[in-house]
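Consider the single chain below, provided in structure tokens and representing the form predicted on its own.
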């Protein structure tokens, strides 16, 4: 059992170590804390890779592929390991980029410890199969990110954090109320026990519908689905760019973990699936459309990326809607959603880190500020171009592979579900316009500009993310297989 929890223990130990060591260091020596945090994440990532390898080998040998402990509160399966890989990879890129981006900031110890504690909460959320533990894990990550949003203590950051905090607290209230209704109806907080109790129901219960509505609304705020998206553009714009990367690439993915665990395990009973799948279909259609249409009008790149992130959340919500189809391939649908979560985490995290690299030289985040960036910061501009083309779904980039899988799942589901696939294509075409506009400004606008020396560690983070985007796009087989296997382990 302890071996299964080693990655979490490593992150917890390093998070606490950063806090205590911070008290002993002079201001000039605190750069060390970022490197210490990076070491902790690398060690935990290596351990999770080892877990993934062992679980895949066990799955191939048709052996037990999960470990449950603490009386069924947590479960380490390939699904949990998949999301832990996502969270740790994002934490690695964010911390690596932050070594340059926060070089002029105070309170480095608090910053890096909050990133580690938020990552720890997300990792526990990935393993949770109990409503109480799931809620506590989500709140640990959320509270840490509330503080990170206000890290710079300036007016935009404070306003962003306040909006994020108030709406986040409200959404948490909705979530816990929905969970309490489930507990009152079934007498258990364990997801599998809830599923068994609901399966015994002979007819639909109105309290169950109320619980579903509260849970969808609460987690809808967390994933920034329309109409629960109001906080995201202001928060992403006001927060420091590495924090925006962390919020878009990791924090939102934690909410998808919770949605997948709750709805695909506890609430996947025949008496209920069609009702919540219809709600998700409506949310998916509105979210992807409004997110991309509003992004067209944005002149601030961080706000544009925020609305783009809302649109991308709509693509993932499609997979929930498909589960009501009698022709659905469940593994294909969920696997497609998991792969898009992975690719979006890398693409969107990289895009926000590119904005952070530009801001290192006091370059703003408006479109005009990016004029001539291709000549001033060529590595940053090139990687930003890769991320934007991938987000648009251009072939041979990661975003195309995951969108194509979602489209394939929509076609396989047939009937009215094809509409969601068509909307995905239309919105991807729309998104290409505002992504191409940024590329045009970087390479074809602006006069003579002086080439700057790229911030080294930020550039390393950007290159790693860009290479992953290209690799997944050109050689997708192993990542598709991992996503499908992770999806199947959810039901094992």
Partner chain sequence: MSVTVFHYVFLATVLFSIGAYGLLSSRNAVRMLMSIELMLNAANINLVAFSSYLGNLAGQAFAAFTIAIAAAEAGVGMAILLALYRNFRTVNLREIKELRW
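For clarity, every value in this text was computed on a predicted model and none was experimentally measured. Residue numbers count along the first chain shown, from 1.
Form predicted together with the partner chain: not shown, discussed below.
Within 4.5 Å of the partner chain in the predicted complex, a heavy atom is found for not a single one of 369, 385 and 475. Among 192, 361, 165, 404, the residue placing a heavy atom within 4.5 Å of the partner chain in the predicted complex is 165. Checking 391, 81, 160, 336 against the partner chain in the predicted complex, a heavy atom within 4.5 Å turns up for just one residue: 160. Considering the partner chain in the predicted complex, the lone stretch of 144 to 152, 338 to 346, 308 to 316, 281 to 289 in range is 144 to 152 [heavy atom distance within 4.5 Å]. The closest heavy atom approach of residue 325 to the partner chain in the predicted complex falls outside 4.5 Å.
Mapping the unseen interface onto this chain, residue 174 counts among the residues with a heavy atom inside 4.5 Å of the partner chain in the predicted complex. Taking the partner from the other structure, the partner chain in the predicted complex has no heavy atom within 4.5 Å of any heavy atom of residue 102. The partner chain is not drawn, but in the predicted complex it has no heavy atom within 4.5 Å of residue 256.
Contacts with the partner chain in the predicted complex, taken as any heavy atom within 4.5 Å, map within 107 to 136 to 131, 132, 135, 136.
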